[in-house]
Structures are given as structure tokens and as C-alpha cells.
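The chain below stands alone and is given as C-alpha cells, in the form predicted on its own.
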């Protein structure tokens, strides 16, 4: 690692060209990464932690993450949802090792300190010692030694947590455009959990965050999208940054006729294979138009999730930092509690479009894992972001990097760069 990489984050200076140039050191500098965790995940932000259908009953729990910190979502006997750190208040042991389950309390495996599902310390072995010897001092206060509790907000079937007492209420933090799209997917009816995929990607988390804001690459690197007409550069597509780059959404109107259409734009995409067919057409078609708007798209809520809809496939991508050079992607697939067998079967079938081996997401993790060692080897290089111009405004085209520029406009302000 070079001397440049080891400089303190406060010494870093962003290139004079602004958001059209992104310095490579932001992907490998440990000081930058530490500050990101503090400012974003542990600061004045709301972090998505899970869906309420993952803790469906009283006395149920699920493990999750806020930044690098493990947390537990619980639903207590009265049905109230809590989020607490998955870290014993005694010696810091991991409390919960199981991803999901039922429990009436939380007991540390190390010294058996026991907490209720809201995080209060209920008891501990040998509080008064043995035969008059040892034990905790008389002034030990159990009420001051509970688990670290996070502030919680629930919107529809989504659960959010924050360490901050100062961040605005969730609805204000998300804003009306994201709220509308979130409610469209998670607030219409009670949710049903369909399953998970998880993967570790050996790249800085921001490379994936950029990738999810990058329609320019979508039809070039993902041949499945263009070949089967799911997404085409000559189709209807919109890229909309929100809150000065903090959040964003994209959407397109699905046009099944695009698959057989040839245009000047499609001729430039070498990956299109017009002679290929999918034997099971239900994978790449809107068999049931359940939303009655023909819309497909995704939205990003900083700093943790991308929520996406392909036809009837509904999925949350949770980006979890795992050090400066790695992140985890946790994919949660969901539907609705009253789905009939037909729509449930479609959701499961179309879930093959996304995930670690998804037909339209397989290539991302491979490319990003190959990028990481390159950006680490050239920390003083810059990435060029001029597709679609120099601005950060909404654009109705896939040939733009406006969403990435908008993100780094926000990022630089928050990080003081």
C-alpha cells in the first residue's frame, strides 16, 4: 500500500473537475472507509434492516446488520418490533448465531446474561456470588446494563433503524417519491417471505452502489436484458436522482415488442442474440400485471438498499460493508400473504433473474471483484463520469451517468471532501 493511501482522510482533496472525476483512493483508503461508517451507517441516516414478514409472530427474531455492526430484529410478546445490537453488554460476545427463529428471551452463550426481546437485562448467574464470596457489587444496576437499542421505524412491511436521535422521521428522510415507490411494493398488503440469497463480493461497497446507479452498463454487460427485450437502450427509461443525490429511482415501461425490434441503438450492442429463445416464456414476461401500470424499476435508499421489481419478482438487495475491500449482498425475495399459487409460482420462477447467479445480475459481482485490485493498485487515478453530460439532473435515457454524479455530489458534501 502506498504512502498516499495511508494519508489521513482529512488530507484528501477531490479532483478539481468535480463529480465528473472520482478519485480511486476512495475505494481503498481505510481512513475514508472508517469515516463512511461513522457518518453514514452510524450517523444521521435510516438503515433498512428487514421486512416484518421475517419476524412474523410474537417472540420471533432475525439477525441483520447496520454497517459492520450485527443487530437483532425482535418482535416481543405484545407484537412490538425492536432492533438491538447483537453484542452482549457484559463482555461483547455475539449473542445470536441463528439467522431467524423463535425465542422468549436472549441469553449470552458466554456467561449466560439474559435479556428480554426489547434489550433489557433481566438477570445474570451468581449475581450475589457463591457462599458470600464474589458476585456483582451492590450498586450494580441492571437497568443501566442492557443491550444497545436503536431507534426503530416501520413503514408498511419494511423495518428501519438508526443510532441517531437527530435524524428526521423516516417519512421525511425518504421523501415523497421514494415513499410512493416503497408503499407500492411493501404497503399494499401483508408480505410473505419467499427466500434469501447471500454472497460476498470482493470489492468496496461503493463500486456496487455505483453499479446500481449505472444504466449505461446494463444492456452492454447483461446480454440477457437486451436479448429478451426486458430492457433496451432504445426503450422508455428514466433516471431520477433525489434529495441532492442521496436517493434515486429508475423505471421503464416494459414493451414486449422491443425484443424483435432493430434500431441504430440496438445495432451497437454486440451482446444481443436475436436468434435465442427462452423455452419457459413466463421467466421473461408479465404474465400477471398485478400493479396495472406496466412499470418495472428500482429505487435506492442510501446507505443500505436497492428495491427492485422485474415483472412479478420482488426483491430487496441489502448492501452490507465488510471492510474496505469487500461487501455482502443479501437478497430477500418477497411476495404477499394472500398470493395465490399462480402468482407465487411466478415470483419464485422469476427470482432466477436476480441474485448471485441471476440471469441479469450474474456479471456484476464478477466485474467488481476484478475492479477492486485495479483501483487499489492505482489510488491516484480517476474514474471518468461524463456520459450524459456534467450535470446531476434527471434524464430519460440509459446512456447517462447522472445518478452516479449526483451520488458523489451528495457524498462529497457529507464526507467533507
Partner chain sequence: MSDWVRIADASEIADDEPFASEWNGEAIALYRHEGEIFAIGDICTHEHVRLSDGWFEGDRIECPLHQSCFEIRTGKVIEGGPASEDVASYQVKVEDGAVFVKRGI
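What you see is a predicted model; the values in this text were computed from it and never measured. Positions refer to the first chain, counted from 1.
Form predicted together with its partner chain: not shown, discussed below.
*Asks:* Which residue among 107, 243, 187, 145 has a heavy atom within 4.5 angstroms of its partner chain in the predicted bound form?
*Replies:* After the contact test, the surviving option is 107.
*Asks:* Could you check which residue among 154, 77, 103, 127 gets a heavy atom within 4.5 Å of its partner chain in the predicted bound form?
*Replies:* Only one option qualifies, and that one is 127.
*Asks:* Counting only non-hydrogen atoms, choose the one of 114-122, 173-181, 295-303, 85-93 that falls within 4.5 Å of its partner chain in the predicted bound form.
*Replies:* Contact-bearing stretch, as computed: 114-122.
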